[in-house]
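Below sits a lone chain in structure tokens, taken as the form predicted alone.
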Amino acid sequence: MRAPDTILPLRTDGLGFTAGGVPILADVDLTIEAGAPTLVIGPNGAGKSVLLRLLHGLLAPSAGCVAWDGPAPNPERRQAMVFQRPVLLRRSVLANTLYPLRLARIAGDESEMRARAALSLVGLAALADRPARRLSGGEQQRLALARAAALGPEILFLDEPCASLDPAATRAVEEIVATLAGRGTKIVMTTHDLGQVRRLAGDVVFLHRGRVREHTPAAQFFAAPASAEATSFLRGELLW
């Protein structure tokens, strides 16, 4: 049974976004349910990152709307986002993890407990006192995940979190994502890596030229894509 205060499912109705007179997204109708990760894929320029920013509320739609289910108070406190290049404070690893908790007015003892638990989750507990900006790229991304996870979000948006990482760092991030999903956090993630989609996705949203061409279970998407664009994309023939 759905928890009475859940903010999911997340729905969009006729969602669109235009920048400088150029349409980026149009007529996006989606329902994102609780459960396994939703992976958003498509060629360069398809609108993947813009979609995540609209869902998270960082951009205002030019058309349509984003609606959370209710009755959840303060849904903005139940969601978080991690970007391809995390922005870290000139503070320690622990202080970076504590920062959003303090902004959320979580009490000192509880905030430190949550921060340290999140650092343990991502394998950075031993580096709690290290300056965050001295971490490697993979460690910085894990710190960004810890900072988000510490808030206990019901839904976590990840915008190509592995795009600039080597295979070992990518594997570490994927393990964290899988752990968070297994604990009940809904993951909505963009990626260019089809192998990553196969490893992580419960369902796939395929975007092409700003429109949703398919939203299907991952196994179905790979076995029998329903659109010519998706078929070409899986063959590596669709570049834009």
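Since we're looking at a predicted model, the values are computed, not measured. In this text, residue numbers run from 1 along the sequence as written.
The next section is about a form of this same protein that is not shown, the form predicted in complex with a small molecule.
Trainee: Are all three of Ala19, Ala46 and Glu160 close to the small molecule in the predicted bound form, meaning a heavy atom of each within 4.5 Å?
Mentor: Every listed residue reaches the small molecule in the predicted bound form, so yes.
Trainee: Among Val50, Ile176, Ala63, Leu30, which has at least one heavy atom within 4.5 Å of the small molecule in the predicted bound form?
Mentor: Checked against the cut-off, the match is Val50.
Trainee: Counting any non-hydrogen atom inside 4.5 Å, which residue from His192, Arg171, Arg183, Arg198 sits next to the small molecule in the predicted bound form?
Mentor: By the 4.5 Å heavy-atom cutoff, the listed residue in contact is His192.
Trainee: Can you tell me if Gln84 lies within 4.5 angstroms of the small molecule in the predicted bound form, counting non-hydrogen atoms only?
Mentor: Contact check for Gln84: yes, within 4.5 Å of the small molecule in the predicted bound form.
Trainee: Within 4.5 Å, heavy atoms only: does Ile24 come near the small molecule in the predicted bound form?
Mentor: The answer is yes: Ile24 has a heavy atom within 4.5 Å of the small molecule.
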